[in-house]
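Just the one chain here, the form predicted alone, laid out as structure tokens.
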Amino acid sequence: MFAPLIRWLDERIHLDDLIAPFKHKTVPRHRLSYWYFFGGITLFLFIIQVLTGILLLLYYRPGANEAFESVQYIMTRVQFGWLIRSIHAWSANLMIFTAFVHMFSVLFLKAYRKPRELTWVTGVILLVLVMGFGFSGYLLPWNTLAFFATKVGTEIAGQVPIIGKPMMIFLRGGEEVTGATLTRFFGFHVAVLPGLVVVLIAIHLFLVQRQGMSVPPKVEAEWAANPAARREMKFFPNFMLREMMAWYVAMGVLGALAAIFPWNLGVKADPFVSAPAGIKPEWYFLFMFQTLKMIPSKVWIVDGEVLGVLGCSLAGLLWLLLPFFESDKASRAKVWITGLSIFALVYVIGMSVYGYVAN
């Protein structure tokens, strides 16, 4: 049915030449191949974010006097508006979750090794930007929890020495969290961050396609010892069909969560009331929030919050540059990085669970 259209396009843009690289590209097949799907699932959820975000933009109004009411209108008056908003909120959380899973799978499969250092760097920056999506989007409904969580989050950013105060004022659009903050976060959420993410996704995908899929060191050794054991499949259509099935499963999980557990709107923000008891950030910031809470107010002559923020920043920089500490000959570095990776995973999960129990 589509053959005439395909021929018409091929005559004008040489369609076969465009898809030829994908036809010849192969993907390694081994016992850990299923971890490859999480990168594609994260991309799929980002596409869902963009599509549902566009639909929400048709009705949302970014103002302190209108934001809450516009979201309330979407959820109560617009046909299936509650479902679209719920899908948008759940897909944001699932996207961050799958991005974390993808990052740690890359780490434990040693897929960051030479020559894929830049692939790791772009991936970590993408994770930070995706978390920025969550932080900026959290305020947009202008409810009580979002208002005070944003206030706490921007105050933490203000603890950075020298640049902290200007950074907090820049994020808030002033000294306090006001309607100017909401407008500024709206701009970050729908323009600045999407533009940066799209560019970085393009670079990340280019690097992945250029360098191919990494193979774990143990599998590499097995294939080197026995070349006949090497197994591969074509990227298109074999791997692509499997990836689309993973997307289908992700869509099923997302649809079930959105329909069974619709996202609550809460109460409209009032800057003049006190913060609710036990307020805490979203789950993906909870391990950092709990870490800062556990640091004493004073450590020698340094403020505890300043020390915590500097420590988290240093840890993030170390994480970004992790591939550059490993070399082919430095076996100690490999063991050190593996140990650090296990510690980081246990720490993030443990502190997140503790944060929920303690609060």
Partner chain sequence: MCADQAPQPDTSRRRAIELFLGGGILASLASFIYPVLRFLVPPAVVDLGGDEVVASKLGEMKPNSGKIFRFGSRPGLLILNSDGTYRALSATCTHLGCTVQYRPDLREIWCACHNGTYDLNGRNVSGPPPRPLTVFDVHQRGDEIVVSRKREA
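Note that the coordinates shown come from a computational prediction; the quantities given were computed from them, not determined experimentally. Positions refer to the first chain, counted from 1.
As for the form predicted together with the partner chain, it is not shown, yet the points below apply to it.
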V152 within 4.5 Å of the partner chain in the predicted bound form, heavy atoms: yes
Determine whether any heavy atom of F148 comes within 4.5 Å of a heavy atom of the partner chain in the predicted bound form, and answer yes or no. yes
Looking at the partner-bound form in the predicted bound form, is R29 within 4.5 Å of the partner chain by any heavy atom? no
So, H88 and the partner chain: in the predicted bound form, are they within 4.5 Å at any heavy atom pair? no
Listed residue that, although the partner chain is not shown, lies within 4.5 Å of it in the predicted bound form (heavy atoms), from K268, R184, R230, K110: R184
Picking from W142, F135, F239, F289, the single residue whose non-hydrogen atoms come within 4.5 angstroms of the partner chain in the predicted bound form is F289
Answer among 221-229, 95-103, 202-210, 171-179 for heavy atoms within 4.5 Å of the partner chain in the predicted bound form: the stretch 171-179
Kindly confirm or deny that P4, D17 and K23 each have some heavy atom within 4.5 angstroms of the partner chain in the predicted bound form. no
Which residues within 259-273 place at least one heavy atom within 4.5 Å of the partner chain in the predicted bound form? P271, F272, V273
